[in-house]
Ligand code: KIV
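Shown here is one chain on its own, the form predicted alone, set out as structure tokens.
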Amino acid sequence: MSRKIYVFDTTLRDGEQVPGAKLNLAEKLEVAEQIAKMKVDMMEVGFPSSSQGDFEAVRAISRKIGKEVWIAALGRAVQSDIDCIYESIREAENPLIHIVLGSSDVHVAKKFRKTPGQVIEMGVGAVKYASSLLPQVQYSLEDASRSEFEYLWQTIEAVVKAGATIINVPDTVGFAIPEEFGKLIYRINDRLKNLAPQVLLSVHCHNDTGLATANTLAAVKNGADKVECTINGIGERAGNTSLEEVIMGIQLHEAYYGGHTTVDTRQIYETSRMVSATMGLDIQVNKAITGENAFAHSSGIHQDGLLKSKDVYEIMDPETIGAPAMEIVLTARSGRHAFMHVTKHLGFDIPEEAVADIYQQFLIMADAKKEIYDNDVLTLLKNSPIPSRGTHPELWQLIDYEMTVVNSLPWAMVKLAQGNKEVVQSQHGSGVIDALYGAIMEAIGAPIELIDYRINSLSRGKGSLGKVTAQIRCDNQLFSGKAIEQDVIRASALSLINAVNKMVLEQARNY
């Protein structure tokens, strides 16, 4: 039977240290509640001695989050910090004091300007004091990956005897490489399990050389009981270990790592999007697991293989992490198989003799627009004499729109069509996109909620193209729509309508 690997999320502490990512109290509570839904084991929610605002946020989260998640806060190895941690988390069902103190030569000599023995005394004193306040105390040996091993072990042995219940080994500056870091954890684990088998061995890796996930997984393979991560890998400098990458890596190779987590992976995608939107930090499009392109396929060879069997090019189902279904992105590289799949999905049966001509028209459009989405295919086909399946639901199309801003009050009007039905609706909003989306949602009349909205520039100059992504939720399902246009307002409208049409198609299939 595989051992449990404990997951410690530090998005609201280390992750929030990213410049410009500071959250207010309401935002911190919202993110904390979503992270708790993922069923992580522990959550570090701040550095309470750093400011009164952080103290209040940690205390509010400690009161709000239930007993299923341990609540941790970080402080230095000084009594005033430990007192501050205690006061901020003592109302939590499962509070955890987290103390950090450097262990490398550069930290001991240049940061603390003390002898190695004096630093150990500081750590032992801090742990003894913390454990007199609460039963769970984590001790982090900052910059452990650049520390001399025997001194590292001497420190660990001393603080464990002083009462530390978790030993955390950070690769603070992303210096480690997987093979060497794995050996380090193996040596520490071998001694620690003989000294105090009940103490958890933890790792906390940074991504300065892009190896945070690899180092963390190497540590798990070599005995680490606990991993410290952040959503989307956010954090100081190049970031921390990405929670979603580690979780899915362990899940895909449970036998190899000899461990498993109890995280609810179906909450990963929504949590990723919430953290990104709340902190204002975009997720790179090719980000593993949660990036926009993680389950998108544009190569004709890949698309052909996927349409024959999804496991040809997908090692996990998007639904495993709560993401929208696999997306076939039509480009000039897409073959006829992928193009025909999309047209049939939209309800069109193209006669064999017309396929070559329609496909050539598609390629011309694809060369001009780079990526082709549902509204583009509908535009291409709607004036063609192509029969549509009678059982197919009518999809929404944008006929026209108008926008004005009078006395700083944005207003939008849209005209939409669904089959033979036309709907005209207008709406005011806090901004032009808010007004536009309000009018579209009112016209459609479905109980949908906008989850995400993003604009990306695909080119430069006067004729530049803008790519807009809109994501909606309806009946606990996520639907994502995209559009590329020179006019980003039009692209915004089309991306939302494309998401709605995916919802319409899904509802028709389930009816």
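All values derive from a computational prediction rather than experimental measurement. Quick note: we count residues from 1 along the sequence shown, nothing fancier.
Below: the form predicted together with 3-methyl-2-oxobutanoic acid (KIV), not depicted.
Residues of just one listed stretch (278-286, 249-257, 159-167, 93-101) have heavy atoms within 4.5 Å of 3-methyl-2-oxobutanoic acid (KIV) in the model of the complex: 93-101.
In summary, among the residues M441, L211, V108, L74, the only one with a non-hydrogen atom within 4.5 Å of 3-methyl-2-oxobutanoic acid (KIV) in the model of the complex is L74. Of the candidates S88, S140, S334, N232, S140 is the one whose heavy atoms come within 4.5 Å of 3-methyl-2-oxobutanoic acid (KIV) in the model of the complex; the others do not.
Using a 4.5 Å cutoff between non-hydrogen atoms, Q267 does not count as a contact of 3-methyl-2-oxobutanoic acid (KIV) in the model of the complex.
Among residues of the shown chain, R13 is one whose heavy atoms approach 3-methyl-2-oxobutanoic acid (KIV) to within 4.5 Å in the model of the complex. Although the partner is absent here, T172 is a contact residue: one of its heavy atoms lies within 4.5 angstroms of 3-methyl-2-oxobutanoic acid (KIV) in the model of the complex. Of all the residues from 191-219, those having a non-hydrogen atom no more than 4.5 Å from 3-methyl-2-oxobutanoic acid (KIV) in the model of the complex are H204, H206.
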